[in-house]
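Structure 1 and structure 2 below are two forms of the same protein chain, each written out on its own as structure tokens.
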Structure 1
């Protein structure tokens, strides 16, 4: 694999994994030395990550995008539009066996599962569900939206009850989809996204002080 993709991948993981905090300044030179690459692949990586919304320009320099509560709310509305559209397409498919694969994915999480894994599967649920629609654009839209939400979801204070609730909602969505009941599936998915958004934004707004103390830039709604 070329080093360019490696820099991009590693840098993305550091940002998504909060090893580099939201709001931190980045210099091309630092990335260069940190990953042992030269500036050309570093710039390519930054340009790509910029379109993903993970880094942004700060005047002349680069900054890891802060967590923006207003943006999170807008993404939730966006997600609802594209995810529901994708789900309706999937419900209209003759072969909806893909839902079983996703169901199995959910089942793979139990009491022994690491938090990272719950986090990942929780996002992949939505991404893979969108992929079933067969529409490349809806799929990418969901994938990109989830990438943008990723750090915020990671920061969210999630308790066992919230996790169990989310998983139950996921299963309800799959059940309706399996039956091809588009309206019911769409209703369930909308409610799930709206509820998620509420809990996410509430959690972050409450914990804002704590997040700032950890050096994370959090922009108000």
Structure 2
């Protein structure tokens, strides 16, 4: 792994894990010191993260992009289109045994599981379900959309009731997929995405003052 790739990977993990909060300012000098890297790979890493929408230029420095409520709404519409398309392809497969692997992944989470793992498995559920379709473009689209949602979903996993609801909905989606019932699976998935979007955006909008107090920038548009 090159120095640029190492800096990019570590910075991405810190941003997505909210170790560096939305709206926080970054300097190339701080990044160089933090990761023991030289300026050129640091700048290249920042440019890569800028294309993902995770950071933006702020004068001569950089700022971690705020959580944008309007963007969350738009991503949900996009997700519904691509995830439902991938799911219908999966339901049409003769061999849908890959569903069992995803179900086992869900079952691996219990009361002793760290929140970080709940977050990862919740993300991977959607990504791996899209992977089963065999369509590389749909898989990449879902993976990229979930990456953009990662920070906001970190805030969601604080709510145990929300986690229980999400897992129940995930299981219902898998049950319909296992049977090859494309219409029911699509209905369950659409309801899950729309409901999750509503709860997440509403929660973030209502908690903007509290999040600002923690140094997190949340914008409405």
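Numbering follows the first chain given and starts at 1. Quick caveat, the model's predicted, so the values are computed rather than measured. Take the two forms, superpose them, and find the largest set of C-alpha atoms that agree within 1.5 Å; that set is the rigid core.
- Between the two copies of this chain, it is structure 2 that is the form predicted alone.
- Comparing the forms between structures 1 and 2, the C-alpha position of residue 183 differs by less than 2 angstroms, with the core used for superposition.
- In the core-superposed comparison between structures 1 and 2, residue 59 has its Cα shifted by at least 2 Å.
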